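Take a look at this single chain, the form predicted on its own, given in structure tokens.
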């Protein structure tokens, strides 16, 4: 049996490892456009100089050799041909498969603002190649504008502040990290970033660009006509699933590749996992999906069940925050806030159930809150959500282990 995996990220390599565990005789081929295996969660450390291509690797140096995996790197899949059960690479090389997994991840979305899509100094920050290009273009103490203050944008700011760059973040919302945090929690990070030298322009959008003679953006104009000088622009405006290889393959695609609970696409013997499948944008879930796909590729009918993905952990300047759930207050919700000098907590209770919780500075009982949200547990009217602990829900199994009792 020949398994071909497109993508060397969390989903792809987890699948490759699991296939080897399940089938010692299978032939496994991984195809990636990347030359290096890398954790995208650590790209800001590449910008800061704390890590290089070697130390971004999240698998052992002998991973491919030990698992007897053929790795075709620096290769782009141009087409998937299900009728012939092969994929075509950019150099016209054809790679045949019995089972195919698409784990190509996602790419940065660059909005059509001015010359963002054609200028030589505008980058996303999704892959190592993005980070490598940014590092090539930054100058000592140069001016960097980051458009968007979500996690990727603030990661980039953090890394470049470590390099003593002149960093300005432009955000269309009225606060930073607007999807992950409320105003109070976001302001704590804003103060820390400002202390490190970062500047913020909130409630503003990028509107136009001015190019220099080298086709680089030298000035960014905002929607209020503010003009900002820049050497590099990093756009952190979201991502799009990397689905280019599926064009004309017959695989059912909307915004992402459509899969069922077995990670199967609409085409027989082709699976998808990770960001490209659109089920979750977080690393642990991508690994679980890769593992589930591997089980099914090897004939073990296994459903993917962990669809919960509303979890973010943030740590800048030593201040840790965990957000669980949707985090958006709706009419009729009960919002509970506790705050002292060391921590900030906010819970959103909807229809007597914990919908979301935000913990900043103190992560105690995070596991209990996650369990309540994931399992849609109803709370009692007299419950104080911030006095709940595992002790309220546990029982002892016959083997002496503790487990939830709900």
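If you're wondering where the values come from, they're calculated on a predicted model, not measured in any experiment. Residue numbers count along the first chain shown, from 1.
The same protein also exists as the form predicted together with a small molecule; that form is not shown, yet it is the one meant from here on.
- Within this chain, residue 355 is remote from the site of the small molecule in the predicted complex, having no heavy atom within 4.5 Å.
- At a distance threshold of 4.5 angstroms between non-hydrogen atoms, residue 171 is out of contact with the small molecule in the predicted complex.
- Taking the partner from elsewhere, residue 126 is found to have a heavy atom lying within 4.5 Å of the small molecule in the predicted complex.
- Residue 103 belongs to the set of residues with a heavy atom inside 4.5 Å of the small molecule in the predicted complex.
- The three residues 6, 9 and 12 all sit with a heavy atom within 4.5 Å of the small molecule in the predicted complex.
- Stretch-level contact check against the small molecule in the predicted complex with heavy atoms at 4.5 Å: of 174-182, 69-77, 319-327, 221-229, the positive one is 69-77.
- For the options 31, 359, 348, 372, the one in contact with the small molecule in the predicted complex, meaning a heavy atom within 4.5 Å, is 31.
- 284 is the sole member of 120, 299, 284, 238 with a non-hydrogen atom lying within 4.5 angstroms of the small molecule in the predicted complex.
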